[in-house]
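Quick setup: one chain, the form predicted alone, written in structure tokens, and binding and motion questions come after.
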Amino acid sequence: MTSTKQNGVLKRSEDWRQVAIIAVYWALLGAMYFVPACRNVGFLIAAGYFSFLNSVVIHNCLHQGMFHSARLNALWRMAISFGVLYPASANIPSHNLVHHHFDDDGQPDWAATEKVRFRWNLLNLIHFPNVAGPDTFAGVQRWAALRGKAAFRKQYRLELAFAFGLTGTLMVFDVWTTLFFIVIPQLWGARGILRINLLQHDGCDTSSEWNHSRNFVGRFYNWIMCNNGLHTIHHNRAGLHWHELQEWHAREVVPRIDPSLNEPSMLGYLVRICLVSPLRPAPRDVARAEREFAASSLASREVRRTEATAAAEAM
């Protein structure tokens, strides 16, 4: 059900979960930087995992600001930019406007899964950020240079200055600790979210209305991931708050999607595609289910793209 509970600072009380994720991540980074006993593999793995969750929070917050205050939303973007060492606002053009609509507007998706063409799934997974990352940031720079994007450029630069400025300051005082225990987790999260994009779309039909994405539907996974595993409904109903996605996934996606695109476990899926069946499969018709089911009230992709553009201009 949609939450109507309001908080004095946050728009939705559920977003305290996202605040807690970032607080834990910063605590892990701080512990490794200031407490030598915490500089170990266990803390590093935990920091890498929470860096990935930081990327999930960026994704959610750049669709819907968490705070009533525009100033707090801007400061929050700066804080979460530090967590992955790139400006969070890059998500507006790269994800909200380009990726959400694939290439149906005649423009290429900067993070299209076809950018990697190895036969082995594992090689595609490893290499994908090396291709999608540069293409994405080149696209962001082109978009930011357009007329009327002055507010975006200002916020983007503030995030860039804060992320690199704080990291650089830490490096001045302890270069090796910063490189191993701050920068490695930052880069892990930034590259990890690109790899998730490959898992979510490779082998799907991006020209389809409902079978363009793979979902990871495990309850615990989606609790910690703020429902980021429910990707189909997020693409189609981008205006929904992440807390609402379970209900809408069950209502609209499940009847229209090929059952193979609802994976119970991301870890199980990774084991299967990297070890059990390591070769990239041939494309198949995954959109049959939606053709056999009644149409929904979903607006056309053109209408959704127009709405997304208007929302981006308002952020």
Partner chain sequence: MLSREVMGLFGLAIVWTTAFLMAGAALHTLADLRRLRRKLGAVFEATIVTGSGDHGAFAVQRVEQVGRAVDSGPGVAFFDRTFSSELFGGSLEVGGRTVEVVPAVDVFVWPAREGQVQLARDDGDFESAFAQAKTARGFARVVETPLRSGDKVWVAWPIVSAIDPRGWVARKMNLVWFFIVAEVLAAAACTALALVKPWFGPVSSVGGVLCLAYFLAIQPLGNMVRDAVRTPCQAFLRGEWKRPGKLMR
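All values reported here derive from a predicted model rather than from experimental measurement. Residue numbers count along the first chain shown, from 1.
The same protein has a further form, the form predicted in complex with its partner chain, not shown here; the description that follows concerns it.
- For H68, no non-hydrogen atom is located within 4.5 Å of its partner chain in the predicted complex, even though that partner is not displayed.
- Within this chain, P281 is remote from the site of its partner chain in the predicted complex, having no heavy atom within 4.5 Å.
- Within this chain, T177 lines the site of its partner chain in the predicted complex, having a heavy atom no more than 4.5 Å away.
- When its partner chain is considered in the predicted complex, L270 lies well away from it, no heavy atom lying within 4.5 Å.
- This chain appears without its partner; in the predicted complex, the one residue of L160, A238, V131, A79 with a heavy atom within 4.5 Å of its partner chain is V131.
- This chain appears without its partner; in the predicted complex, the one residue of F181, F152, Y86, F216 with a heavy atom within 4.5 Å of its partner chain is F181.
- At a distance of at most 4.5 angstroms from its partner chain in the predicted complex, all three residues P36, N40 and R147 contribute at least one non-hydrogen atom.
- Heavy atoms within 4.5 Å of its partner chain in the predicted complex are found in exactly one of 224-232, 184-192, 202-210, 90-98, that being 184-192.
- Residues F118, L123, I126, H127, P129, N130, V131, P134, D135 are the members of 118-135 with a non-hydrogen atom no more than 4.5 angstroms from its partner chain in the predicted complex.
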